[in-house]
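Okay, here we've got a single chain as C-alpha cells, the form predicted on its own, with questions on binding and movement later.
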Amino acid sequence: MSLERIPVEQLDSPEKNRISRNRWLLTRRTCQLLMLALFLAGPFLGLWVIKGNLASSEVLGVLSLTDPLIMLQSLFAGHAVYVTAIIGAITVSLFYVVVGGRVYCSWVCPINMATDLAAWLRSRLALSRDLVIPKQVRYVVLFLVPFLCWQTGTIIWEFVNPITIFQRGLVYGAGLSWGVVLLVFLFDLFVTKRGWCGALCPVGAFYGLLGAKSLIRVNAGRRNRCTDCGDCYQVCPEPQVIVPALTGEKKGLSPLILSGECTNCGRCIDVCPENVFNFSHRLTNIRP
C-alpha cells in the first residue's frame, strides 16, 4: 500500500502515536548507549572492541579514528602528529561529510541525552525563562579554541570538554564527570532552551561546518500535507532549519533541509502526524 493511500485515521492511530512517534529517538538512544558500552567493555570486561575514547580510538586493533577537531587543536598547539592520527581524522571527516556533521551531536555525543532530557522537562514544567544567546557564539568559541591552543601549547578544549570529562569519569570515577553533565543539564533546564548545544558548544559548531554539504538530508517532501500543528518545531533542537524546507514551496525552495546545523536526529519525522518528513539525500529527484 502506498503512503498516499493510507487513510488519515490510520496515520493518526494510537499505534502510530505510541511507536512511530519515538522510532528515531529510540534508535538514537540505542546508538549512543551502544557506543558507550563498546568503550567501557574494554576497561571493565576485557573486551577491547574499541580502545580509547571519542577523541581518539582504535577499532579492533586495526582502524584508527581521530576527532578532526582534536587534530586541529594538536596542530595549532605545535604537537607532533602521527600518520595514523592523520588517517584517523580524515576517515572520521569523510564519514561526517557524507552523513551530516551534526549526526555526531544527536547520534554519538553522550551529553545529548542530558540536553534532550532538559528540553523535555522544560516543556513538561512549562518553564518560560529563556536567556537569548545568539547561535553565532558557538562559532566564536570554535575559532577561539585553536587560537588558545596556539597561545598555550595545549589541546585546551579537552580540559573543559564535557564529553571528554564524562567518558574519563565513567572509567576512573564518575564524581566530576556527573558534576559537569549536571551543570550542562541545569543550564539547559533553567537558563535557556538547548543553550549548550545550540549556542555554546564548539564541537557542534565544528561538525556543523564539516557536514554543511552532506549527502544525507531530512526531506519535507510531503509539505503540502502540513497542517501547521507546530509539533516539529517543538521537538527540533534547531527549529530554524525547518522553515525554508517546510514553507518555501512558493519561493521555489527545496523541501530538503539543507542547513549544516540540522542534526539529522529524525524527531520531526517521528512526531509529524501527517508524515511530512523522511530521510533522503541530495541526489534524489524530489517532488514537493
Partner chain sequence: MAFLKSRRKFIGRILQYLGSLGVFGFLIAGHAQREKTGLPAIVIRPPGALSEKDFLSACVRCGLCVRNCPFDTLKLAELGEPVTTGTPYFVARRIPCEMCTDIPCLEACPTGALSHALLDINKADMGLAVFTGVDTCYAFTGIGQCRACYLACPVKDRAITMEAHRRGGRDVFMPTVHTDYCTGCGKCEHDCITDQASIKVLPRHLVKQDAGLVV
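Residue numbers count along the first chain shown, from 1. Quick caveat, the model's predicted, so the values are computed rather than measured.
The same protein has a further form, the form predicted in complex with its partner chain, not shown here; the description that follows concerns it.
Taking a 4.5 Å heavy atom cutoff to its partner chain in the predicted bound form, the contact residue among I165, V99, A119, V108 is I165. With the partner removed from view, the residue among L36, A55, I242, L258 that has a non-hydrogen atom within 4.5 Å of its partner chain in the predicted bound form turns out to be A55. Of the heavy atoms in S123, none are within 4.5 Å of its partner chain in the predicted bound form. In the predicted bound form, its partner chain lies within 4.5 Å of some heavy atom of Y82.
In the predicted bound form, at least one heavy atom of S177 sits within 4.5 Å of a heavy atom of its partner chain. Taking the partner from elsewhere, W196 is found to have a heavy atom lying within 4.5 Å of its partner chain in the predicted bound form.
The candidate stretches are 109-117, 150-158, 208-216, 90-98, and the one lying within 4.5 Å of its partner chain in the predicted bound form by heavy atoms is 150-158. For the three residues P134, V141 and V171, a heavy atom within 4.5 Å of its partner chain turns up in the predicted bound form in every case. The partner is not shown here, and in the predicted bound form the stretch 237-260 never reaches within 4.5 angstroms of its partner chain through any heavy atom.
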